[in-house]
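First, one chain by itself in C-alpha cells, the form predicted on its own.
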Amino acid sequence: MPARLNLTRRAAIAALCTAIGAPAVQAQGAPGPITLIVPFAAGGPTDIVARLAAEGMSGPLGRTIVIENVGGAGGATGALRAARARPDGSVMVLGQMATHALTPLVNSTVGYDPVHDFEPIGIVANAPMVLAARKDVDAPSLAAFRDFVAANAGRLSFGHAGLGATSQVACELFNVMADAMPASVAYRGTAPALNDLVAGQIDFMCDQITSIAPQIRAGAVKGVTLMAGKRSPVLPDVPTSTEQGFPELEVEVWNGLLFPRGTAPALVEAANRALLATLRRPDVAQRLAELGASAPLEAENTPAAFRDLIARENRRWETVLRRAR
C-alpha cells in the first residue's frame, strides 16, 4: 500500500478486504404519511430501491410513504436524522452497507450507533458494484485499466458519495490493487458523480449496478468490470472481477429499511410484512431483476435476521480495521 495513503483512507480500504390492515397499524403509530429518508441523492442506487419499496408498501400499510433525500457524509447525515426521529412509526430510513457498517467505522463523529440506534425492518435488495470509466478510456480489460491508472494517477480523479460510502471504499480497493492514488472527489451521492463521469469531468467511479447499468448499456460510460463472481444478465458483456483474475474486488451492497430505536415491535412487524408483500409482487421482482439486484429469501428476511447482519458486518469490519491500524 502506498505510504502516502492517509490513515482514514487506509481504514476505509481495509474495510472492504403479507401485510396487516391499515387501521391496526395506524392505531399504534402516528397518523398521516411516513417519511422514508434516503441518505443519498435522488437518482442514485439507494434512491431507486427506496422508491420501489415506498410504492409497494404504501398500500399494505394504508399510509402514503414520502421520500426525503438527505445526502452527505457518506450517508451519515440522513442516517443520523432518522436515528434522532421520534420512534412513532412516522420515519424510516433506507440504510445500507455504507451507513450501517462502513461509514461509522471510518468516521467516529457520525453521531449514531448503527447497531443500537435503529430497529431493523428487513432487506429490500442486494446489488453488486461496478467499476466504470470515461467512455473514451482505452482499456479493454481490468488489468489494462489498472495499468492505465497506475501510469496516469497524478492526472486522474474518481468520484464517490463521501468518506465511507461503498462507492468510495470499492474504488479505494481498486486503487490499492493498482498501487495508485488518483484524486478523490466527493459528491452528495453517486447520481451527480455519474453525471460528471458521463461529462468527462472525472475519470472513473464505482457504483451499484442498479443505477449505472443504463449508462453502460447506452455507451455513455465504459463498464470496466462487475465487482462480483458471476456475470449479470443486466450487463452480460461486462466481465466480472473474478473471471479477470481479481476475486479480491468482489463487492456486494445490501439495502434495508430501519426505524429509529424504540419503535414499537408491532409497527416493526407490520412494516416487515408490508415489505415482504411488496417483494412478492411479480412486477417488483421483475424490476429488481432488471436493475441487476435481488432480494433475500423470505424466510431469511426478518427484523431479527437483519439486526444480526448489521451486528455481524460491524464486528467483521471492526476487526479488519483494528488490524489495519
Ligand code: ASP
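Quick note: we count residues from 1 along the sequence shown, nothing fancier. Just so we're clear, the structure is a prediction, and the values are computed from it rather than from any experiment.
The form predicted in complex with the ligand exists for this protein as well; it is not shown, and the discussion that follows is about that form.
**Study point:** Heavy atom of each of P45, G189 and Q208 within 4.5 Å of the ligand in the predicted complex
**Key:** All of them do, each having a heavy atom within 4.5 Å of the partner.
Review point. Can L226 be called a contact residue for the ligand in the predicted complex at 4.5 Å between heavy atoms?
Key: Taking the distances in the predicted complex, the answer for L226 is no, it never comes within 4.5 Å of the ligand.
Point to revise | Non-hydrogen atom contact A161 with the ligand in the predicted complex at 4.5 angstroms | key: Yes, A161 sits close enough to the ligand in the predicted complex that at least one of its heavy atoms falls within 4.5 Å.
Check your understanding: Just to confirm, A79 within 4.5 Å of the ligand in the predicted complex by heavy atoms?
Key -> Looking in the predicted complex, residue contacts with the ligand do not include A79, since no heavy atom lies within 4.5 Å.
Review point. Do I121 and the ligand come within 4.5 Å of each other in the predicted complex, heavy atoms counted?
Key: No, I121 stays farther than 4.5 Å from the ligand in the predicted complex.
Exercise for review: Choose one stretch from 149 to 157, 242 to 250, 194 to 202, 164 to 172: the one whose residues place a heavy atom within 4.5 angstroms of the ligand in the predicted complex.
Suggested key: That would be 164 to 172.
Practice item. Select from 79 to 104 the residues with a non-hydrogen atom within 4.5 Å of the ligand in the predicted complex and write them out in sequence order. Key: Contacts from 79 to 104: Q96, A98.
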